[in-house]
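Taking the form predicted alone, here's one chain by itself in structure tokens.
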């Protein structure tokens, strides 16, 4: 396989996963705020700022009045916005086109259908009353694409490369969601006695990650800071957790790199090192300094992605 084509497959997976997380974050934050327990969490400005903070475009000016339609358009259908869902879907399709002979007809047709749905969605309808319909269709379409990837491709190197992209992006987006909602929890100040530990934002965080029901079944109590961070970062059985994503990355790396003892600073080495650290990490260590932990993990994931590009996709 050409390195260029492998790179296309890797980024196709990443863009599919990225569009899903942005769509769900928009949906959950917008509609969960209607049931939030305090005035600040219900504020449109608070919700819009949270959306921008998650994708890495915080405005940072308290007196700046955000336009709901403008923010939703920039995140959803603005082709001039680098982080918009429409640009992520376009990039996924472009990468699929470049690797057309290596992916199944069923997968390509699903990507093409997904692309045309987003491309032809009416902008005015979206910013006025189409947020729910649009974001639900995005999350359902990406679930279909992952199903097509698993069921219509041989589980060989092509599959491993796509899944590497999906899981690295998933772990990155989960950390971004944790970062944004922790920031919201600090600002919202909760409403259940303990200002941070029992904030409503932990429930919203789990819903943004599609992990709320799993968390309730596992802990059998209302989500708190401790249980939410432990579940989304350290629980290897939660398919949305950072730990589970790293386990998947480690497994798929074995297909590309069969070395028993990987070289220092190789992709396999970096993935294994981070995975081992999280395996023996306590949630209390994360709670001691959440911001520092988030920054460190994001840097490590970026380092893994960069090394993977140098090692396997450099052309």
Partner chain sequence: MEACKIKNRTFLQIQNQVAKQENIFSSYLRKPNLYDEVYSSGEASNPIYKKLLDLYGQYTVADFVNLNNKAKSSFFNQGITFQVYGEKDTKEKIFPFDLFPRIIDHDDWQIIESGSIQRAKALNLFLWDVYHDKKIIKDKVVPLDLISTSANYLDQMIGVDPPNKIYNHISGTDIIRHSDGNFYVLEDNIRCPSGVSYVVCNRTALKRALFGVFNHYQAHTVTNYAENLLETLESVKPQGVDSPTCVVITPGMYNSAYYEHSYLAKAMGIELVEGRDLFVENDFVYMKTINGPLKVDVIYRRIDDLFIDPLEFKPDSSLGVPGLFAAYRKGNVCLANAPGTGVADDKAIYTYMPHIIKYYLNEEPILSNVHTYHCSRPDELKYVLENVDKLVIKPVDEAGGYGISIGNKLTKAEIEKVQKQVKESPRKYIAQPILSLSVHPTYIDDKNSFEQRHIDLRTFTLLGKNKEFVLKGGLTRVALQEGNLVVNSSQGGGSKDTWVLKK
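The structure presented is a predicted model; accordingly, all values stated were derived computationally and were not measured. Positions refer to the first chain, counted from 1.
Heads up, the form predicted in complex with its partner chain isn't pictured, but that's what we're talking about next.
Only one of 118, 214, 243, 102 lies close to its partner chain in the predicted bound form, with a heavy atom inside 4.5 Å, and it is 102.
97 is the sole member of 139, 97, 152, 187 with a non-hydrogen atom within 4.5 Å of its partner chain in the predicted bound form. In the predicted bound form, every residue of the candidate spot (112, 256 and 312) has a heavy atom lying within 4.5 Å of its partner chain. Its partner chain is not drawn, but in the predicted bound form it has no heavy atom within 4.5 Å of residue 83. Residue contact check for residue 108: one or more of its heavy atoms lie within 4.5 Å of its partner chain in the predicted bound form.
Of the heavy atoms in residue 128, none are within 4.5 Å of its partner chain in the predicted bound form. Contact annotation for residue 207: none of its heavy atoms lies within 4.5 Å of its partner chain in the predicted bound form. This chain is displayed without its partner chain, yet in the predicted bound form the stretch 89-97 from 89-97, 74-82, 234-242, 176-184 comes within 4.5 Å of it by heavy atoms. Taking its partner chain as it sits in the predicted bound form, the stretch 1-25 comes within 4.5 angstroms of it through a non-hydrogen atom at 1, 2, 3, 4, 6.
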